[in-house]
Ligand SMILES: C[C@@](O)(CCOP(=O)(O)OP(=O)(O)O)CC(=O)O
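As C-alpha cells, one chain now follows by itself in the form predicted alone.
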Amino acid sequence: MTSTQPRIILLFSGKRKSGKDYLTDLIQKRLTAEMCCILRLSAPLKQQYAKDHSLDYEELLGSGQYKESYRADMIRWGEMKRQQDSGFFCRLAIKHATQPIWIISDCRRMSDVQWFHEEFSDRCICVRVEASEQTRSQRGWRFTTGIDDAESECGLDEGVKFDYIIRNDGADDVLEKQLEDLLSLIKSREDESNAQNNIKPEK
C-alpha cells in the first residue's frame, strides 16, 4: 500500500461550492506541507480513466468541453470500478503519501469513508463542510439534475457520524474559531495516538 503509516486522516465531505478545497488548503497551511498532504480521490479516477481509454489526463482535469464530453461515461466507469473493488481509488490516492497527516478532500460515498475506517480505524476524523444554498449560489452553484441529486453529491447526506462539522457561510471570525477547534481536535487525537504507541506491552 504505502510505506508510511499516517498518524491522522481527515476525511472531508460537503456539497459543491461549500468550500472544501478552500478549507483543506487553509488547514494544510496551518499544519505545513511537510506534516500534511491533501489527497483527492477524483484525481486517480481521472488518471486511470485517461490511461484505460487513451485520453488526455490534463484535459480531463480542466473544466472545458473535453471533460464534459466524457463526464457521463467517466462516472459510469468509476462506479463499475468501485463495485468491483470499493477501495480501488482510495489505494491509488494514498499510494505516494509520506506525510504523517493526510487530508482526503473529496469523500463522496459511504464506501470511501468505510474503506478508510476499516484500513485505519483509530486514525480517522470525519469532517463535514456545510454552507447554505444562498451562500453556495453566491459562489456560482446552480442546481444541476444528474449531478446534485446523484450519489456523488448525496451519498454522505445520511448515515455518517461526523466528528466535526464546519459551517462555512463567509464569516471569517466564525470560521477562524472553528478552524482552531478542529486543529485542537487533531492535536488531541495525535497525542492519544502517540500515547498508545508508547505503551509497552507487559512481559
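What we label the rigid core is the largest C-alpha set whose atoms superpose within 1.5 Å from one form to the other. Numbering starts at 1 and runs along the sequence shown. What you are looking at is a predicted structure, and each value in this text was computed from that prediction instead of being measured.
Although it is not shown, the form predicted in complex with this ligand is what the next lines describe.
- Between the options 28, 178, 42, 48, the residue in contact with this ligand in the predicted complex by a heavy atom within 4.5 angstroms is 42.
- Residue in contact with this ligand in the predicted complex (any heavy atom within 4.5 Å), chosen from 126, 75, 97, 92: 75.
- From the list 30 to 38, 157 to 165, 50 to 58, 65 to 73, the contact stretch for this ligand in the predicted complex under a 4.5 Å heavy atom rule is 65 to 73.
- Residue 189 falls outside the set of residues with a heavy atom inside 4.5 Å of this ligand in the predicted complex.
- Although the partner is absent here, residue 109 sits close enough that one of its heavy atoms falls within 4.5 Å of this ligand in the predicted complex.
- Although the partner is absent from this view, residue 81 stays clear of this ligand in the predicted complex, with no non-hydrogen atom inside 4.5 angstroms.
- Contacts to this ligand in the predicted complex (heavy atom within 4.5 Å) from stretch 21 to 36: 21 only.
- Superposition of the core reveals a Cα shift of less than 2 Å for residue 143 between this form and the one not shown.
- Relative to the superposed rigid core, residue 96 undergoes a CA displacement smaller than 2 Å between this form and the one not shown.
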